[in-house]
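The chain that follows stands alone, in the form predicted alone, written as structure tokens.
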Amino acid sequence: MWTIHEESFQAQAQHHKETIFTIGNGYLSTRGAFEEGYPGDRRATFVHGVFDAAPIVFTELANAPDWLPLVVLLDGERFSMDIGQLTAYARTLDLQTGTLARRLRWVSPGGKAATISFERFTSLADPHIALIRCRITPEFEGTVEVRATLNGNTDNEGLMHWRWIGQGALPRSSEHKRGSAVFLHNRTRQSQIDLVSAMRLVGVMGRRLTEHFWDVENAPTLSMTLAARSGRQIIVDKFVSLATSRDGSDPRALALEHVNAIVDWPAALQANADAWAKEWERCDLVIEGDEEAQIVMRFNLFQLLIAAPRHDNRVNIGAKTLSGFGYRGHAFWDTEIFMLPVFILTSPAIARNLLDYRYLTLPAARAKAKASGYEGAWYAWESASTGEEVTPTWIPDFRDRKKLARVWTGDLAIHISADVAYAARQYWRVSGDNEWMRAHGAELILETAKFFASRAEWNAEAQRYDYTDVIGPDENHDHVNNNAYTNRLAQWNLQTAFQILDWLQQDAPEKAAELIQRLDLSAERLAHWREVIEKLHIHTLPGGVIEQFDGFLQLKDANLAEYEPRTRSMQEIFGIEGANQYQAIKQPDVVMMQVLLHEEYSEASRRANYDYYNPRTDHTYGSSLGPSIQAIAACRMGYAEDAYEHFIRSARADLRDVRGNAGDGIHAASAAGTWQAVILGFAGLEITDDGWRVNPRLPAHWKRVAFTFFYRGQAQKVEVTNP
């Protein structure tokens, strides 16, 4: 099961399907819009790291010049699926090779009929190239014209990011007797990033009558007219390359080099397939006995893999990957807590790149802490190219679009720093990459610890340390005190800092001494850290329930079942301010905390908290991040039905668009969370400092789960079966 199918075209679902049929290669991704266009489409290509300034959201990934346009004319009538008659249609995404194919039969308003197919892929073997093959089988005698364009007139839902710099055509070289190369040069308006795209149009089958280059400003076009003979196939290939000034000082030369390196469609397709075969050898997850779970897991892995930076450690993965306009390409804690575990276990080199991004943006995290009067590193809640805070301060209120709602996460969500440190520690634990820990990880963990020690507030009356006025993962409740997740992860961060410092003094004493001096880790400072660890407030009731934050248990209880059926979140029902008054949770802070640090909590404690918080969590319309974490928690306690219910809810987030917002882009954290639910939950993989083991708890109808993961640089193959 390796393909995603669409058997009919439904215009009302086109934005959802554009997301689902996104293809990419870790350098760029392109939404599944049609080559010829369609009214109202949200066509977009996003290239990692190409951000530009935007109102309200500060910066966003700039929708790159469009490489897709390929127009077909049958005897002068332009093919478009919104006119004429569509008598057959099918679209397929092959997850094994990242190839998207569409085949249809169309009858023009004038009665000209043809079977037309489009295939396209962005090469994993050469991430700078993208290819389209168009096949036309006419049912008439006459002409077929194909027009291929590089379109620089793109926008981000109305906001233009690109200035036209230049374009041109180059004569055919001796190596490429078929297909002249044209190029388009654009530059982002504020960030001044140059992007050059280059194109060749190659006639493969059919008698060519004319060829033209139309030097249309910001839309250079190559046109080819071929003789149409009924029943005789015509094949035309469009070869494209993209390069930016982030890749080198001369992106034009680089783009032309890559487009001219394409020998032909079969060779490029084979190289791409070979690269994907190696990828899937590392990453594939086999589930027997549940066809939906199998295809969902491969789809989710594919979407993560096409967004994963293999050759660039200056970028992160946004919450919507590179698949849509949602969240403007900004990265959150979604990467560290949800996505990084996938890459740590299957693709350590990618994981290291993503963690390097956090190390390289330490200056911005330090600056954010300093600006608020703290020491150490406070990472941005929403992060882009520089690591500076880009969380919007105000957004339109979802209950009244004429009003604005204050966004507090950028000001109050401090747990992000501990999340980054947690991911760094997990990478080291699994990979054993001491070099990275010495060079980057230790400083990152020590600086985030310094922040939490600085941010801790002494409560003289209670003789304890507090974190007041924060937001935890449950964003239904803001301006709370002593959020359990925040406090415990901060405490963990400080404890881990001591462990890393002890290790560093044994492993690399010179590096340890340099960090102690540069970061001012004096004896007095470290003594303060120990005191914060010892006296940090986390409220646990006699029955074992950990209060989510001070006063949570005094809030109004809400029986969420009474509000069913519904199509809105509880926050939308209660309102932003109203949700603060109820025990209605967007995502379960305490349960998540105990999943991350499960070795430190007894089963009785984990059971008490799951039983209390699970019925109070808005599973369906709250956060897409929660269900997979709930699935892991339920699995580990033997709640088989609960576990599968949470898992399948998470699994359907994108393919079934259960929240109605998949058109904005892939729910990357949910996609990665479902993988964690299978591997850490159902298959029961547990990794400790001493090694690894599995404690399987497969759903009753699953027959077998098989996967590969990497531990200390060595591939480990795991297979678990039901009796």
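One rule holds for the numbers: they count along the sequence shown, beginning at 1. Fair warning: this is a prediction, and the values are worked out from it, not measured in the lab.
Not on display, but discussed next: the form predicted in complex with a small molecule.
- Proximity to the small molecule in the predicted bound form, defined as a heavy atom within 4.5 Å, holds among 411, 356, 466, 475 only for 475.
- Between the small molecule and the residues 241, 122, 623, 571, the one pair within 4.5 Å by heavy atoms in the predicted bound form involves 623.
- The small molecule is not drawn, but in the predicted bound form it has a heavy atom within 4.5 Å of residue 586.
- Though the partner is left out of this view, residue 334 does reach within 4.5 Å of the small molecule in the predicted bound form, counting heavy atoms only.
- Proximity of residue 327 to the small molecule in the predicted bound form falls within the 4.5 Å heavy atom cutoff.
- Although the partner is absent from this view, residue 199 stays clear of the small molecule in the predicted bound form, with no non-hydrogen atom inside 4.5 angstroms.
- Annotated contact segment (heavy atom within 4.5 Å of the small molecule in the predicted bound form): 319-327, selected among 319-327, 526-534, 601-609, 371-379.
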